[in-house]
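We give structure tokens for two forms of one protein chain below, kept apart as structure 1 and structure 2.
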Structure 1
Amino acid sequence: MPIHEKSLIRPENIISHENLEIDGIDVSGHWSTFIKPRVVTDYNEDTEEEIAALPGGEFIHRCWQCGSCTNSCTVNALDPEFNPRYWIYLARLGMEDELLRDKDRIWQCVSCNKCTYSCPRDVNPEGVMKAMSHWLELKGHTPTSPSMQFDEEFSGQVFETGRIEEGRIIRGFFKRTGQNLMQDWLVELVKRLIRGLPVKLLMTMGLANIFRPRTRGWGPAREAIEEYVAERKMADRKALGLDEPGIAEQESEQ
């Protein structure tokens, strides 16, 4: 029979033959449209626990699917396919393959926190989205996102010197993401800074980019931060079973 609700079915699951004859009857086109079996067989029952073990995902279990997060979402207003409520639903069911279909969208969260303010169950959807993005990266489903690369460049500079130099951050981020530093908007920004800022401040900023000054007595603080970061990374990998016996050997062989 004809299928009228095609919008409810993923396009890749719809099969249609332009030329098909069965028992002498032409059933080409619309009448030869079939739907592939939609039975889900490969669950990951640990998906919810894995995401909950990462920073920000602790309260994913509280979600009761009211949809307040998606209704208030800034990105959803521009892209209706960006749906935090649905992704939390898939994660809690362990439908990992279905979740991976949207792996290129999930990281697009802009952290506006509208979802968190509107959530009646204190799920912290913004945190869950960040945990979900981190989960995708740790499991190797997606490359490191631009936002994560910026975070790494920003935090790396703080760890190293205890200071923030905006020029170095921009240069480092553009280098990581393969972007051209001489972009029109950036050139215009530099021109305005040169025209508007005092000469002494401009000289200080320029020298800071060259000599990389450090915060006085920063050494012990840097060591403590680096130790914490290493512990956090180890805990995250352990939560996803990436440091279980035999895993490291398998990864090195691949």
Structure 2
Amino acid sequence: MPIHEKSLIRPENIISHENLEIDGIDVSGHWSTFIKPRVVTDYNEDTEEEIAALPGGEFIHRCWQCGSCTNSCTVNALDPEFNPRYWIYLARLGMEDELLRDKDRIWQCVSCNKCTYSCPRDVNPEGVMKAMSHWLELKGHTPTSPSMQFDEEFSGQVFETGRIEEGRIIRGFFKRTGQNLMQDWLVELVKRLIRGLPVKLLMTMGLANIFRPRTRGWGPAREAIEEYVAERKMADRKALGLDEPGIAEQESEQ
């Protein structure tokens, strides 16, 4: 097995001795720092396949670890621990425990597609990030991320009426995530918006609530979509070896 990089150089994997003599040579201090040898036995051979079964993850097997994705990544520039190449590596080796250390970061991918643009192997790393986020949530390793909550709010409105209305999305999302709408910066934003055109604000934030924009004759499309989404969800759960959503889980989603 190739070396598994970061996991070798965390504090708990390092041994150092105040005083150490090896073969009669004093190697105290700097020279006495060693990385613990480690044999990986707790890998899960199904991890890669499970992620590949979720939308976006299909081509994870193509990765040859060149690192172009991480090198070009928008979020990596803000947070060096955000490392798509490394996560793909761990997923392919089935090192779930290592992957789970970063479970609260993966959803932060902003879908800029810089990785997909620079990937020489057509892995679609952006899609893999989404598949990994889904995988973490489906497996119960993370709660539904704010990003997923937003996607669900947004998509729910599209499925229902064919279109979205932004004010409704914002209110729906803040409600879902238990946030207060009266945030200083949002209030300031609204103030500056009103300065421009109060009528527009009324239209988008108020009237659209009563006259919701909708696509005419959307009913059959809505039914077809809902049926498809339900099938897709079942297929995803099946691929991950999960049962149908139980009552407890449905309740916890409320």
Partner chain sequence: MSEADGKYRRVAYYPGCALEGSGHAYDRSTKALGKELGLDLVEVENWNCCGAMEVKNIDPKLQTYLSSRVMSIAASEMGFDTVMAPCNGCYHNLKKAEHDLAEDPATVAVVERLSEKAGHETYKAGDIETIHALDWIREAIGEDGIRERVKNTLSGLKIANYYGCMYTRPRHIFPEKDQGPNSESTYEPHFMDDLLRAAGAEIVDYPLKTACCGGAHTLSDCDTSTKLVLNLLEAAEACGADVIATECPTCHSGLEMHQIRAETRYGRKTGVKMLYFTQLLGLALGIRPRKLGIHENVSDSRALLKEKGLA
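Predicted model, so just to flag it, every value in this text is computed and none were measured. Residue 1 is the first residue of structure 1, and the numbers go on in sequence order from there. For the two forms, the rigid core is made up of the largest set of C-alpha atoms that agree within 1.5 Å on superposition.
Trainee: Just checking, which of these two is the form predicted on its own?
Mentor: That would be structure 1.
Trainee: After superposition on the rigid core, what is the displacement of the C-alpha atom of Leu20 between structure 1 and structure 2, in Å?
Mentor: That residue's C-alpha is offset by 15.4 Å.
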